[in-house]
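Okay, here we've got a single chain as structure tokens, the form predicted on its own, with questions on binding and movement later.
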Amino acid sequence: MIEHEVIIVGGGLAGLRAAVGLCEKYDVGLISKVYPLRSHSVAAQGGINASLGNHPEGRDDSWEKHMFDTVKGSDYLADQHAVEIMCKDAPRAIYELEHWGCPFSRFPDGSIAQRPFGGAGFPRTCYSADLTGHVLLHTLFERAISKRLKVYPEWYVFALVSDGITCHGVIAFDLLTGEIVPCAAKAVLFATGGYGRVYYYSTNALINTGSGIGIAYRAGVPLKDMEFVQFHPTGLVGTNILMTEACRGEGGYLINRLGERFMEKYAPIAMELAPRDIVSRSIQTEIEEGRGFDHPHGKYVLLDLRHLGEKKIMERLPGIRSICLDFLGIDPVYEPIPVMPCQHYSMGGIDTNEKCETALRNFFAAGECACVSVHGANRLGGNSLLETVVFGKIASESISEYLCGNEVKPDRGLLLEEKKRLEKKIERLMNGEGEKASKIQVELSKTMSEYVGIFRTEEQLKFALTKIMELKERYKNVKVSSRRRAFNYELTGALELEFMLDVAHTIALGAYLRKESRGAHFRRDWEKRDDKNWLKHTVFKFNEDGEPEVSYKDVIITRFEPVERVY
């Protein structure tokens, strides 16, 4: 058994920012599925929002305008007090990162450069070429290591241990040795990222299974707004690698098979810089109405950067050019990029308040795995990186405040009991013959992409729910072929699949029950937003029968009354 005062699960931006805030006062251990510098935060490209007012066309930007854009983008489902906290703190967070050595791109006067992003009234997205997540992650990792953070790389967490009221730690699996390790802590923070791999077409890395969300759910911690799934408009066809919104922010066009800039039909003012939910639906409509192109891995439209010129592409979007050359053999300086919408981000997640606290005492969550909620029904580009650093810091402050005011003694007996339970589960998976977890996972992800996608109907959602229940039943007969534990990815995949099934179940059920269209949740049989009946958050709790128990709670509105979104 290992013990730390604080255990952080997840080595991305939210986890590392929390670690930076805690390491000087507490003994902190950070558990990560991969080496932290390979966390999925590294894949973020386009930028991070803050109302610095550096851009010549954004001199009179303010946190209030940033807040309004975020609330409007959320289709008024975001909790406005939490959005206010995030937008007010954004400039401070950017200058803090700058002072820690983050190499932001610069304007000629030396100020931090900013570019336009979708759904924003001002060019307020700070960036470092198209490698913003990469440089932020390195900056925070170096900062955390300098404070002597203890890192457990390539450790998986498979259980959150609680007595129903208080969290006592987690149960981890050391991939290198195959050992199951109880980890006691006075406070636990989950910063485990999103669930993209629940979908077949996703920009997310293979590690983004949503297991952290599923683990918290099984431990009795409620989830919130799981039906709101962001589909990014521009994933590279064939691999679904993200083609950053910065491509459109720098002036890129979306073109259909007829050579038309079709966004003028859907968002005549904002065009390609409408919010992601609107652009994704527009592309999907073009494809469904026969104005897309065919590819063995899906239908697509074109993202055209050629008119930007080689100099601008090399300076602002070098990573995009490299990805296109490496994965498709095309050069966006001379050829348009084939793109399709695919799953990208989880607006829903572990239900937290604005202090990152959950329903379980001394258990906290931050980043994409958490639902504060600052994104509501649709996240604006550039706000996810901001959420990680703002709420990562807040999580560290909340944990510190909690530990200062409470005597906490982890129950080692509970941790050992949970270890035994996991040992038995692994033994069952390794004993005998049965179905492969990978087969069920592929069926699950294809079901989610096809039936719980950009456009949804009651019939499709009913089918998806039936299929998920069938897969849950089949999961009981899953077996692993090798009894060797070290580096057994088949075993870790089988263990994570149970959480993926739970996460998918809550997404599909929430979408089935919500009879309206709002943000990224679009029902073809309920096309209008319905504030009278559905201006509320959906909450899911794992009940005694192992099924989701659904309830609702009010959206917090402070400054902006809901009105129709127009772009």
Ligand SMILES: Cc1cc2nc3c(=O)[nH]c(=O)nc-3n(C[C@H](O)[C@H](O)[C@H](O)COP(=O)(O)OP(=O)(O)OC[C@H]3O[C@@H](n4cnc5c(N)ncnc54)[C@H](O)[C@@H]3O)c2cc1C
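Here the structure is a predicted model, which is why all the values come from computation and not from measurement. All residue numbers are counted from 1 along the displayed sequence.
There is another form of this protein, the form predicted in complex with the ligand, and it is not shown here; the text below is about that form.
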(request) Check whether Leu52 has any heavy atom within 4.5 Å of a heavy atom of the ligand in the predicted complex, and answer yes or no. (result) no
(message) Using a 4.5 angstroms cut-off on non-hydrogen atoms, would Ala43 count as touching the ligand in the predicted complex?
(response) yes
(message) Given that the ligand is not shown alongside this chain, does Gly47 nevertheless sit within 4.5 Å of it in the predicted complex, heavy atom to heavy atom?
(response) yes
(message) Taking the ligand as it sits in the predicted complex, is Ala395 in contact with it (heavy atom to heavy atom, 4.5 Å or less)?
(response) no
(request) Check each of Ala508, Val28, Ile31, Met500 and return the one that places a heavy atom within 4.5 angstroms of the ligand in the predicted complex. (result) Ile31
(request) Quick one: from Ser211, Gln114, Ser373, Ser74, grab the residue that has a heavy atom within 4.5 Å of the ligand in the predicted complex. (result) Ser211
(request) Check, residue by residue, if Val157, Thr203 and Arg379 all come within 4.5 Å of the ligand in the predicted complex, counting heavy atoms only. (result) yes
(message) To test your reading of this chain, name the stretch in 313-321, 254-262, 90-98, 211-219 whose heavy atoms come within 4.5 Å of the ligand in the predicted complex.
(response) 211-219
